[in-house]
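What follows is one chain in structure tokens, specifically the form predicted alone.
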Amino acid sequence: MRVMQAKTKTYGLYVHVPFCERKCRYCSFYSVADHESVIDSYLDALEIQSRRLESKLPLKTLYIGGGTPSVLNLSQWHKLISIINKYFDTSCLTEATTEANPNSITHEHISFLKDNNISRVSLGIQSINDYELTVLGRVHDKTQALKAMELVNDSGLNLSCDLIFAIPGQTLRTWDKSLRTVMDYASHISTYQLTLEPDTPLAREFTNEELNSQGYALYRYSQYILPRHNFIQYEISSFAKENHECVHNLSYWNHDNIIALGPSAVGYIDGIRYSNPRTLNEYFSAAMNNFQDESFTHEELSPHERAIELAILSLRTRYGINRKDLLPEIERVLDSMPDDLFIKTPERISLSKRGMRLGNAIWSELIDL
């Protein structure tokens, strides 16, 4: 995908690192566990894709996700960061994040990240209960989770933690314990309901209907307890202390321009969504051909489609959508719904706490307009 200078002055950059120590039992994201022999080839391909952008585009945010970026050794991290610095202008960065797992983040990683202007670490904690971690197939335990949070917290880097609710066997008591423990370390907490895709091991044991029956109450409890500890719900799944929102993720909800590098990563530039080759083999093949346009899939959104998508994405956040950006048919649908789902002002419409709990039902009414 040839990214020309877009209308905005700065971009977000997402880099997908598709390697894990082991696949979790619920995960449907693209990643590979047998990776030792291919990481360097992946980095070579990443450089070829970056080089094809042709100009040193200025970045507002950087997000290195996966997979598990912390499985890279320091030499590989040096190469990854050098590629980003070589082909992008990082002088305007306001936020730089990397994901990590508790079992693979080290003091050496932390020192490197601080020396290379990474400001934020997002840890995949998921639970502070060893039984729940075993159900999920995580490679870390409670002790490693606590040590990793302490390590990041003590370093002075901003810490974000992911937690999962509606895990089979989870109770309100264990969910409360996970939330309260993570609150002591993190400035940002993302809470995700466990949703099982058909190709995952857990989907052979449980159904989403079973999980949904317990998920509503646990999510509602998150909305109750986190604000009482100075965590503001600024997005459907995300709570943050003041001024600690994830700027990169807000770029997605605001329809800002995002460049995507790495297999299966998805970018968005001025109304055109593009997807990179899906697997490592396909990504390597595209690199051998210098990432021609046919290596990518493209979807150009019409103005109508962009307006609907912007409404859905904006309504994920506490800031909502500006009424001037609303199509009349969207506003009619929203006005036909119960008032207690929304917070309405003359300028904006946003979801109430109850509206956020019922967000999927609201968006389903908009998506087919």
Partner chain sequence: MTNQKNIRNFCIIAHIDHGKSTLADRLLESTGTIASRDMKAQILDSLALERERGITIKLVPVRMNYESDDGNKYILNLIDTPGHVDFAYEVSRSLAACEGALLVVDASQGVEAQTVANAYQAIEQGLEILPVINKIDLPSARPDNAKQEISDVVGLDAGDAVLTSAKTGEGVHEILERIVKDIPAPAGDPDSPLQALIFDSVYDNYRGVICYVRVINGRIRAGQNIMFMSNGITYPVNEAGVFKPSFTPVEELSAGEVGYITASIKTLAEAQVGDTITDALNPAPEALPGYKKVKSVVFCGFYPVERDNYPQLRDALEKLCLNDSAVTYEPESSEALGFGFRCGFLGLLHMDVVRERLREEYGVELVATAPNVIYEVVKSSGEIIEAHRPSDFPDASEIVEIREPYIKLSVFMPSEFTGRVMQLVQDKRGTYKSMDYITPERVRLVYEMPLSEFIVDFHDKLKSQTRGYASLDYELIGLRASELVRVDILVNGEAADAFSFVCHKDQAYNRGHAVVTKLKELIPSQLFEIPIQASIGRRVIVRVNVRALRKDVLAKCYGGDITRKRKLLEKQKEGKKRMKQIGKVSIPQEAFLAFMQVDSGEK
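Positions refer to the first chain, counted from 1. Just so it is clear, the model here is predicted, and its values are computed rather than measured.
The same protein also exists as the form predicted together with its partner chain; that form is not shown, yet it is the one meant from here on.
In terms of contact with its partner chain in the model of the complex, the residue from 279, 111, 134, 212 that brings a heavy atom within 4.5 Å is 212.
The single contact residue among 155, 181, 76, 195, judged by any heavy atom lying within 4.5 Å of its partner chain in the model of the complex, is 195. For a residue to qualify, one of its non-hydrogen atoms must sit within 4.5 Å of its partner chain in the model of the complex; all three of 252, 273 and 299 qualify. Annotated contact segment (heavy atom within 4.5 Å of its partner chain in the model of the complex): 332-340, selected among 317-325, 50-58, 37-45, 332-340. Shown alone here, residue 100 lies farther than 4.5 Å from its partner chain in the model of the complex, counting heavy atoms only. Using a 4.5 angstroms threshold between heavy atoms, residue 238 counts as touching its partner chain in the model of the complex.
Proximity of residue 219 to its partner chain in the model of the complex falls within the 4.5 Å heavy atom cutoff. Its partner chain in the model of the complex is not approached by residue 203, whose heavy atoms all lie more than 4.5 angstroms from it.
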